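Only one chain is given next, in structure tokens, and it is the form predicted on its own.
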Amino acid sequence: MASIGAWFKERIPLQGEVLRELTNEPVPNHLKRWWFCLGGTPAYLFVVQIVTGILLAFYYQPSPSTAYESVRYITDEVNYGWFFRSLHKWAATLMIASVILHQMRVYFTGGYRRPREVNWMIGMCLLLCTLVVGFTGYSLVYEQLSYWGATVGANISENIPLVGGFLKRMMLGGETYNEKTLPRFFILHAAILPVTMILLLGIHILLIRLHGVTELQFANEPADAPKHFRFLPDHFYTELTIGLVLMILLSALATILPADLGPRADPLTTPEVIKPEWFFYVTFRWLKLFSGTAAVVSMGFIVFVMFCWPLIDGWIRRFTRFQEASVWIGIAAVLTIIGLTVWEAAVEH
């Protein structure tokens, strides 16, 4: 064993002290509160998505003639197929929710401010990728609602000025939903978007390591309280506890509320009610309030403002007296999102 250890040590010259120095950096004291550790939650759920997605991909067949039957086979006949499909569904739901909550936490604590503007923009890219992953995954089932949801989404993209028609054709593989559409959605969902998210996540973590975590001071903390604590084992135990709780929660949701299977897609019959997944309720309601092009352009402008908010916030703080205007703007935005989401959820169509 000693000779084997010496062989590896010579070829991989990393010492224990060096590894401890690289990994055991001081962690700001406010991260002892679990709701400030939400960055690790979507990362854990992303791993669950990858593992369960690979297992489902062994049986899924991305073709209009076979997709629905393959999902039915996974759900009804594959050993524990219903469970892994349900895990995949609920992990996606919780991942989207946790990414949104993490972005909100960063926003309201000012974690996007100098010198972390670029990392905020990368976080926005991760949020958009997460939403698109949810949309493409929902469309792969080839249910009646998922088929028409994909069709409506493609038609909405056509309203984007200049590039709308190109985006629709790229999404569908033609002018309408056809046999090329599902394979494109599958490649996006299972390959392109996950690889893109892994690369973005790597850059995101690298910038966090370079800049450090934003340090916050709470009013109820004693003045002589320690400002930092160790990553290993203290913060590692926090993340491990969160992971174990998520495992229990996912297993309970997958068992009590398993993923169901609606009627097969019928291109000749339009459903009376077409609704997307909950995380697109606000977008769907916005589209109903305005005309097609105006709604799409206004939504694009809102997303652009969100990307550039660190720069806008810096300008507001530099040239006006409203140093915390971002807090009130954020509260108004959150209330608007909640209001539109509840509104869309409450109406029948």
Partner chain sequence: MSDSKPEDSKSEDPDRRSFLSKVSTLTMAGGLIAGYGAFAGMALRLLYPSHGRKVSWVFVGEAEKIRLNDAIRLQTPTGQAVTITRLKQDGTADDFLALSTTCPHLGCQVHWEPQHNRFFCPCHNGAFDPTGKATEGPPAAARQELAHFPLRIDNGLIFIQVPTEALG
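Quick caveat, the model's predicted, so the values are computed rather than measured. Residue numbers count along the first chain shown, from 1.
The same protein also exists as the form predicted together with its partner chain; that form is not shown, yet it is the one meant from here on.
Q: Even though its partner chain is not shown here, does it sit in the model of the complex so that Phe166, Leu287 and Ser291 each have a heavy atom within 4.5 Å?
A: Yes: each residue has a heavy atom within 4.5 Å of the partner.
Q: The chain here is shown without its partner chain. Which stretch in 242-250, 78-86, 144-152, 103-111 comes within 4.5 angstroms of it in the model of the complex, by heavy atom distance?
A: Only one stretch qualifies here: 144-152.
Q: Answer for Arg184 alone: is it within 4.5 Å of its partner chain in the model of the complex, judged on heavy atom distances?
A: Yes, Arg184 sits close enough to its partner chain in the model of the complex that at least one of its heavy atoms falls within 4.5 Å.
Q: Is Glu175 one of the residues lying within 4.5 Å of its partner chain in the model of the complex, judged by heavy atom distances?
A: Close contact exists here: in the model of the complex, Glu175 approaches its partner chain to within 4.5 Å, heavy atoms only.
Q: Is there a non-hydrogen atom of Gly134 within 4.5 angstroms of a non-hydrogen atom of its partner chain in the model of the complex?
A: No, Gly134 sits far enough from its partner chain in the model of the complex that none of its heavy atoms falls within 4.5 Å.
Q: Would Ile156 show up as a contact with its partner chain in the model of the complex if we use heavy atoms at 4.5 Å?
A: Yes, Ile156 lies within 4.5 Å of its partner chain in the model of the complex.
Q: Which residue among Pro161, Pro233, Pro263, Pro267 has a heavy atom within 4.5 angstroms of its partner chain in the model of the complex?
A: It is Pro267 that has a heavy atom within 4.5 Å of the partner.
Q: Could you check which residue among Arg72, His228, Arg209, Lys180 gets a heavy atom within 4.5 Å of its partner chain in the model of the complex?
A: So the residue touching its partner chain in the model of the complex, by this definition, is Lys180.
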